[in-house]
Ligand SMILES: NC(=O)C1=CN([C@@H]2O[C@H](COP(=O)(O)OP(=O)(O)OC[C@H]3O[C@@H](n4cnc5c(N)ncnc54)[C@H](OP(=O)(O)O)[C@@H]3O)[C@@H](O)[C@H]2O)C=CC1
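Take a look at this single chain in structure tokens; it is the form predicted alone.
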């Protein structure tokens, strides 16, 4: 089955964009604002409709009021009333329960009333257990055609077997090229710019290998606790929630080989090779190279906050809210280069970054230099994914002045906010438009998802049979001390960005 090519000159076809789970947090916090921003940029074509599906007892006007409130809350003072009116004119709502067959014919009728050439996008902002049943409902009512696309939010399963079950169920209705498994990290400007930085600049790519790179660090830390996601999170934990998808995807983009060109399948082919090259974790590897933690009471932004178990109301929970681990990519380019990953909730700062640490010069030409630094610091490339997207290249320079040579670390800074006179779009804005265009480059393919689970599963199995519980760390800190020990035993330390 091939996707239709009858798209407009700018690559954006007319679309019926159906959101299943339309009154949930994801829909109102991320999807609706993203569609508003694209409306403001005139990227939604005439005839495009937004169809909300939920169990909430709302008619079209009621749902439009909910959407308007969400826009006012999440867009704020930048909200343009004219754009709001245009967007709300596209909005409809149907009361349906995704778990039952009743009433789905209403969606069939509504879709048939629209543009017969419109691309149909079904965004499943629901629990993964409903992905398969919803797809079968759509098939039963006859609304899945060659132009249809379905978007799946992570997590895709909780282990390899459940991921395969979800993929099998969805794949019975949609061809693989119609399935868009979304990871919003891949839509961020700095993540996409990583490919450009590596492959469009000839000075850097020759250094991007084990000869010149000492190690790589990937950090995704959050200051918030589990909040209203407690029920989901306690059955998931940081390894499933963050490492299996977000952090491994970032690792893939750092480690992948140059594709022939940046296109529909070439990037995903190269990412898959990285996942397949990850050194499998034995039980001893898990014990030595992974750390799991759970936040206790502490301070967040100067305010006392409860521990994870207190916030959750489950004193016996053994779920981890922090993971640090050491991984290796066993191929020609990266042999012997460790990749250190860490992620956690209730940390001391909210930041997502990649740090590539280069090896020190092979010969100390300035053994008697003066200055505050005992020796030149290693060159490092900081790629900041959020909150302030940009890059810093840390170098060593001579401090101006007469007399002896004084070496001083300096940095070349690129801030997207100041370098480009344009608003940085939210990741969902780009990804939703890519779905409508039918461009899968920034989405995960089935074999990627399953390869990631294949690597993560031995960690989950080992943790499930070891008596050790997650190590406690105070809220508002950088995690358990064992995470520092993990990297320091290799003679390295966690790098922190200069931008807080």
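No experiment lies behind these values; they were computed from the predicted model shown. Positions refer to the first chain, counted from 1.
We do not show the form predicted together with the named molecule, though everything after this point is about it.
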task: Determine which one of 312 to 320, 334 to 342, 225 to 233, 199 to 207 lies within 4.5 Å of the named molecule in the model of the complex, judging by heavy atom distances; exactly one does.
output: 225 to 233
- request: May I ask you to choose, among 130, 88, 381, 79, the residue with a heavy atom within 4.5 Å of the named molecule in the model of the complex?
  value: 130
- line: The one residue among 120, 154, 406, 215 placing a heavy atom within 4.5 Å of the named molecule in the model of the complex is 154
task: State yes or no: in the model of the complex, is some non-hydrogen atom of residue 479 no more than 4.5 angstroms from a non-hydrogen atom of the named molecule?
output: no
Proximity of residue 13 to the named molecule in the model of the complex, heavy atoms at 4.5 Å: no
task: Tell me, yes or no, whether residue 126 is in contact with the named molecule in the model of the complex, where a contact means a heavy atom of each within 4.5 Å.
output: yes
- prompt: Does the named molecule get within 4.5 angstroms of any non-hydrogen atom of residue 173 in the model of the complex?
  reply: no
field: Stretch 80 to 104 - residues with a heavy atom within 4.5 Å of the named molecule in the model of the complex
entry: 96, 97, 98, 99
